[in-house]
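Next up: just one chain, as structure tokens, the form predicted alone.
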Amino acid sequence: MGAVKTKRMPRAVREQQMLDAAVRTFGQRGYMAASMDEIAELAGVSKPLVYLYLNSKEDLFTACIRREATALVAAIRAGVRTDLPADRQLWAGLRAFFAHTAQHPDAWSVLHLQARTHGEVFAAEVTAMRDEIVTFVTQLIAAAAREAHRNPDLPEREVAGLAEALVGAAESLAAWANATEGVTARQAATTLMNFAWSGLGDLMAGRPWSPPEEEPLTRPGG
């Protein structure tokens, strides 16, 4: 393969070009299978230039995770209007999340699959992103409780647990939606909204579900 000829362009633009190629390669081939040669060729640059800009495969992957995590969080925050009712805020946030993951399937593969399974350093980057999203969703749920007036002070632990459950469900559903032909971002968001808000709505209205009383365990043959 001959040397790749590159046009002169600002470093920041060239670096984003490399990251675009890397996200596509990591997302489609996986971290271990992806090669720097392939990434350089896709970016239209030489492999030494990739190393000059981004030092190593590990640093390149970390840069991809950070860029895509920042973009996802920004998309969710931008999609939510705080002047809307609580259910509309949650709906807007879910739509923004599923729209972004559908429009950037390789980036979602990097965040949801690759980064979590190839070392603690990469996993920690995704955990930081997830914590930020969970905190944001926690604030939405707490605001919904205040808006309902009937139960303005849900226990902090319960609110945090609801946010964790909702984010976890969204992550799994996004992976499923991206792998399932014909499922749109709106459909995925509607599915999760129907699943989550029916329960949240009752909770906000002061109608939480309660487990049945514990019954004595019956021993086999007893």
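Values in this document were obtained by computation on a predicted structure and should not be read as measured data. A residue's number is simply how far along the shown sequence it sits, counting from 1.
Missing here is the form predicted together with the DNA; even so, the following discussion is about that form.
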query: In the predicted bound form, segment of 174 to 182, 157 to 165, 30 to 38, 189 to 197 with a heavy atom within 4.5 Å of the DNA; finding: 30 to 38
query: Three-residue site R67, T70 and A107 fully in contact with the DNA in the predicted bound form at 4.5 Å by heavy atom; finding: no
query: Residue contact check: L49 to the DNA in the predicted bound form, 4.5 Å heavy atom; finding: yes
query: Touches the DNA in the predicted bound form: V45 (any heavy atom, 4.5 Å); finding: yes
query: Contacts with the DNA in the predicted bound form - residues in 165 to 188 whose heavy atoms fall within 4.5 Å; finding: none
